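Read the single chain below, which is given as structure tokens and is the form predicted on its own.
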Amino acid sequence: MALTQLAVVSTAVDILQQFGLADLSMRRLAKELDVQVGALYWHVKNKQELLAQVAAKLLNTPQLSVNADDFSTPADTILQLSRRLYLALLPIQDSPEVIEVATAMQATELSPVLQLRELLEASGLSAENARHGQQLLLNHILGSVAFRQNLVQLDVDAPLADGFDWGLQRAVAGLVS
């Protein structure tokens, strides 16, 4: 079977989900695909680009898209999209780090992240303030996911309510009035 970009990214997602980011090396990926490491670079420039593509595969799913017409206010739409992002990333080991790399690279393929900014702009924020609001919400989502994942890894008994939704509601209320 010929090596494709889809196979490279899908296998990288599988490694991330099963073993975490620490085990997602180009060597490990090549071994899983039964190819030489150099063959991977025909499909991705470097590990950062690979992580951006992994992030896109994790986020660009129908479950993460929201239709603003389904909600009574822009704030409700933003809340729902943020909650969906949180719940989608929670079971995937090290997903906050992967999404952070992709957003730092200004990856344009992250549909839900771009939709957050569009919703903030549609609610009346300037383009610049919408970018800042998008970053604020992403920091809260990714930080909350990382916190919850750390509790699980450390086997710490913690209440199910970790303050994510409370903080999210306050952040959105401050952004969209």
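Everything quoted here is computed from the prediction, not taken from an experiment. One-based numbering along the sequence shown.
There is another form of this protein, the form predicted in complex with the DNA, and it is not shown here; the text below is about that form.
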| query | finding |
| --- | --- |
| 4.5 angstroms heavy atom contact with the DNA in the predicted complex for Val37 | yes |
| Partner contact for Ser25 in the predicted complex: the DNA, 4.5 angstroms, heavy atom | yes |
| Touches the DNA in the predicted complex: Asn139 (any heavy atom, 4.5 Å) | no |
| Partner contact for Asn46 in the predicted complex: the DNA, 4.5 angstroms, heavy atom | yes |
| Option from 126 to 134, 66 to 74, 141 to 149, 29 to 37 whose residues, in the predicted complex, bring a heavy atom within 4.5 Å of the DNA | 29 to 37 |
